[in-house]
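Shown next are two forms of a single protein chain, provided one at a time as structure tokens under the names structure 1 and structure 2.
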Structure 1
Amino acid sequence: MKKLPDKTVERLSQYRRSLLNCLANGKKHIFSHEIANLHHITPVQVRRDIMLIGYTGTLRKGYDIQELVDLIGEIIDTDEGQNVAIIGIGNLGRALVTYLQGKRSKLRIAAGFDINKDKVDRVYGGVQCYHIDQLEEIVKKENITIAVITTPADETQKISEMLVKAGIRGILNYTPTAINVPDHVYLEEYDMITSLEKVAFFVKKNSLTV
């Protein structure tokens, strides 16, 4: 398979979620424009994404939802699934646990980590919380490959070094501080304040031009 564009990967994940929804409602087939409407994008983009993963629908009947879901699964997921650690069991960490629960995903939150003694050794939404010092040990034991950093504090770079050392292969960083990781670790960063300021900017701009 040729290299999938970043954005296509993101959209495939989203398609799958709404396709699972359709399946749950007893729907069997779907047209590109239906998928497009669910994600307010164009039907062409949907067809192009689907083309890129080598699936073909049937003319005038659309795509077989189950087949498409399965294929997206083959592309995105690993057979055994992947284990995720949440670093920082604050509000955001707990929100993530909630969001993932019941999503019959191949991603399993296998552990949480914190420095707060009150949180360590407790269970949050079914996730055991360990002290950050146990990181390496637990990452090995639970075969964790992915970490989500949700600490509001500014220890981020230090934490990321611990993660890399422990053998983590992908990091999703929700901290406002950007971090540096070696090439073999995939890094995705997202900053909520920036998103909010972006919305604010475009609201301001629209107000001016209207």
Structure 2
Amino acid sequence: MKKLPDKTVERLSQYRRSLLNCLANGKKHIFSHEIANLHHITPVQVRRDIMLIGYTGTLRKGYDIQELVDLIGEIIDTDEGQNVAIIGIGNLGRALVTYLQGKRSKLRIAAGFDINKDKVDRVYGGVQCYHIDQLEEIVKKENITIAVITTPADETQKISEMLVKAGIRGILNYTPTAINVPDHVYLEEYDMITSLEKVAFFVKKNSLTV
């Protein structure tokens, strides 16, 4: 299979979430236009994404939902699963532990890290919190490959360097500070303030035209 674009992988994950909801409601087959309506995109985009992973439906029934879910799983997931660490067990970090734990069988929140001694050696949502000084030791012990950063912004680059040194291969940065990582580390950055301001801008714009 050829290399998939980042945005296609992102959409495949979104498709799987919607398809799992369809299965839970007893639906067995779905057409591209139905998936498109769920995600506010075009049916052409849906068909293009699904063709890239080598799957086709039928004119009469569309896509077999279970088959498509299984195929997306084979592409996105690893057989053995991957372990994730949350760096920074503040309000956001604790919320992510609670939300993410158990959401996907192939992604396990294996550890949390913080510098606050009052949080270290405690368990949050079934996840042990360690001192950041133990990062390299626990990453190796728990075979952690992915980290989510929710620390204060001024610590972000330092933390990312520690993660790379410890052997982390993928980072999701939830702070407003952009970071630099080596090419072999996949980086995804998400700034909630920017996203909220974007929504606020379009609300303002639409309000002026009403």
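Numbering runs along the sequence of structure 1, starting at 1. Since this is a predicted model, take the numbers as computed values, not measurements. Rigid core here is just the name for the largest C-alpha set that superposes within 1.5 Å across the two forms.
Each structure shows the same chain on its own, and structure 2 is the form predicted on its own. Positional change of Glu10 between structures 1 and 2 stays under 2 Å at the C-alpha, relative to the superposed core. When the rigid core is fitted, Phe201 shows a C-alpha shift of 3.2 Å between structures 1 and 2.
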